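Quick heads-up: it's one chain on its own, the form predicted on its own, in structure tokens.
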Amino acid sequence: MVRKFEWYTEFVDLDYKPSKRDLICLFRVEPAKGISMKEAAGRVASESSVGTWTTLSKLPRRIQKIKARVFEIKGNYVRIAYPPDLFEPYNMPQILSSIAGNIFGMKAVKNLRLEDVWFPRKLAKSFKGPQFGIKGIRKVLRVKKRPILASVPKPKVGFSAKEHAEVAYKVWKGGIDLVKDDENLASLSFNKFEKRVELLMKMREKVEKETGEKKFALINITAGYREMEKRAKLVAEYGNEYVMVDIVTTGFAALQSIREVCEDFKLAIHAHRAMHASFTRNKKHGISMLVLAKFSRIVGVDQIHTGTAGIGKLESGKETILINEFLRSEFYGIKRVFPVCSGGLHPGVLPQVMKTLGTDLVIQVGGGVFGHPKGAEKGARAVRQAVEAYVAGVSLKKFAEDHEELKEALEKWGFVRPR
């Protein structure tokens, strides 16, 4: 005989009014066959707080008080309130283990997606937040209004440290502000980390003298935590002001700790989201990119990849706009964060990017720089010219009449959105 576990519905209280101290989660829930929405929602709240698969012989009243409660069910969308006692302040791995732990593997749900999370002030403020944020980065770069421009040497791996530094010099000289390692460039046999840092800093010093502009390298320190700490220290010793971290593959424990190290060395953090789509892309199951962005801002990155709102080559849409709005909005006094728009961009689509996502933005162009018919330096100039045209309110076609690099880029790519 199949028994019904009515215990789970005790975690559903549609009359409950969440406290300002509660953490609120929005889930999209698809119950498995034979399971009601009410029971499925209750199972999510139960498994992520004080429940288990059956009734217990004894459950003290004080424990009942801290259980999660489903307080709203609308179609497939469920809101759950988690009392603050369920969480350890300044421990993002524990928070994630609580609200996004075992629940995705439950047989009672066919699909489950964590769509959004609202943090209470006290819990959010227990974390450090961004060290620099938008205002701080603009101040050190001395770029007041236009988007910050970044590029990644292409191909993303294969260059020696010397070749990497040489192409970085070209794109810096062409007008790019930030040259970034890509997600899988660490310390490889043909491009050792320390040598890359040394040569990049020599090239940066040279190009800053030639252009009068500040330039940064987003150097990928991703590794085991102890090695990340050593690499961050080395980057600071060479005088660079930035590091890059693959935040999904390193995890939030490492990110929290490296945020402390970066404060000691006054280093900004560029957050690469490599591997995120393994759990964010499926609109029915997993965790949304919006949730990942919220957690990252609270922990303390200064900028994070968010997508192109469908303009570039990567899967993204309206959610990108919501993420960008959150990263740049007031949030308990926690510093605002630069969204990083990247993936399949070239000069011809940059006005669309800025019109859709604004100019408080890091625009990262890789292939659209290195694929320029006249090489990387002219590709960088074409990107800078496209941005200057938009800021000045001039069409790209008009601006290209007096700017050869932009003209050549438009002749190659036109205004086509890559796929």
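For every residue, the number given is its place in the sequence shown, counted from 1. Note that the structure is predicted; figures quoted are calculated from it, not measured.
Unshown form predicted together with 2-carboxyarabinitol-1,5-diphosphate; subsequent notes refer to it.
With respect to 2-carboxyarabinitol-1,5-diphosphate in the predicted bound form, the three residues His305, Gly343 and Gly367 uniformly fall within 4.5 angstroms at the level of their nearest heavy atom.
When 2-carboxyarabinitol-1,5-diphosphate is considered in the predicted bound form, only one residue from Arg336, Lys154, Lys173, Lys215 comes within 4.5 Å through any heavy atom, namely Lys154. This chain is displayed alone, yet in the predicted bound form one of Lys294, Arg273, Arg328, Arg204 has a heavy atom within 4.5 Å of 2-carboxyarabinitol-1,5-diphosphate; that residue is Arg273. Partner contact region in the predicted bound form: 176-184, out of 134-142, 279-287, 176-184, 115-123, criterion any non-hydrogen atom within 4.5 Å of 2-carboxyarabinitol-1,5-diphosphate.
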